[in-house]
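Single chain ahead, by itself, as structure tokens, in the form predicted on its own.
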């Protein structure tokens, strides 16, 4: 393939505020690092509180005074379609940038990340044109007309994660704009590149000034400013549960609307009547996709006792087919990616050490790669712990790496009890050939997104999941960026007034 670095700017990537590309007020920059080899390959300006305050003011003006405020839903839809078409023309570039910045496997970026990003714009552009309300029959002798409309929240601060910045960024941003809001985006410090490049798409598409703004920087500074500002009507986060708790605390002063998509420790229940090879492939995909850096990852694998050891062996066989390496080396068989940073890799290794210390049975992985080219990156091999007990740290805490915790169960009741033994409630899965049992168990898992005989969502835009318990707060989809207004109109004679 062609050199992916050809798409990387030699000068620092700029912030985008009020329709202009600009350096940060401080002039400070930060390094953009390829996690597959920890090489610096670009730089970007690091925003601060002064920059985000400028962006908030720009978004506030654009929402309150137009022209965005005065555009029709059709006009907003057309702009989103235009952005989608521009992104499609640069699809190869964005796939390269996402691979370089996040350590993705390049074919996955080409065939999954970018197409889902394009689909997000297409879906939201269509949705913008049918944001329907409703008419409600009310008591009043036919003299009252009540209708409900959905209205944009206003200025939205969107705090994005590092594990899928392009795809999740496009999904969130397109929905926010389709709803009629303006936006200030804070990308993750570890993965800002594709979002900074996306600013040029909105600029070329002709979005009015102030509608889309992007400010990089630390969560403690840029994120905090978004949460605390009275001019920001809503803050949305996709990230860790502890960060979500901090946003709840900081938003108390302004009582702004918040939506939180947080962590998970999702159960994957395997009953004895499954096809072992089929279920094992899905189970491995459930905890190794993107090297386990997926919030809905199925990291607690609950297996019925009669097939327990056989299933573990099948999982091990599947894992041995995973080849770690640079995402651009797919033609050499590489199909398993790196973690995002040295810091995060060390966090995952600390959990692996904890699993060993607490007595879980290590059956695969758990030791660093010895190859020199892999040691340069942040690679952690697929790791399987068996006989994991509910009291163990690795059973209860989100690891966010390619580490599976396998636990046996006797019957359906114990499987459900184990599945719900977690503070999280993001996702879960059931594998069985018994349709009645599949639906029965799925309905008892306390989580917002359930898969039966497969894993991962097949319709993120069409059917978004919500987080239960400590996995989230707020509704899903475009309506989480809107609020409702109910209007009562009277046709009654004035003499009917109560006083």
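Only a predicted model underlies this, so the values are computations on that prediction, with no experimental measurement involved. Positions refer to the first chain, counted from 1.
What comes next is about the form predicted together with nicotinamide-adenine-dinucleotide, which is not displayed.
- By the 4.5 Å heavy atom rule, the three marked residues 267, 288 and 323 all fail to count as contacting nicotinamide-adenine-dinucleotide in the predicted bound form.
- Listed stretches are 269-277, 180-188, 387-395, 132-140; the contact stretch with nicotinamide-adenine-dinucleotide in the predicted bound form is 180-188, by a heavy atom cutoff of 4.5 Å.
- Taking a 4.5 Å heavy atom cutoff to nicotinamide-adenine-dinucleotide in the predicted bound form, the contact residue among 195, 284, 406, 247 is 247.
- Distance criterion of 4.5 Å from any heavy atom to nicotinamide-adenine-dinucleotide in the predicted bound form singles out 262 from the list 415, 262, 352, 312.
- Although the partner is absent here, residue 72 lies well away from nicotinamide-adenine-dinucleotide in the predicted bound form, with no heavy atom inside 4.5 Å.
- In the predicted bound form, no heavy atom of residue 365 sits within 4.5 Å of nicotinamide-adenine-dinucleotide.
- nicotinamide-adenine-dinucleotide in the predicted bound form comes within 4.5 Å of no heavy atom belonging to residue 425.
- Interface residue remark: residue 170 is not counted as part of the site for nicotinamide-adenine-dinucleotide in the predicted bound form, having no heavy atom within 4.5 Å.
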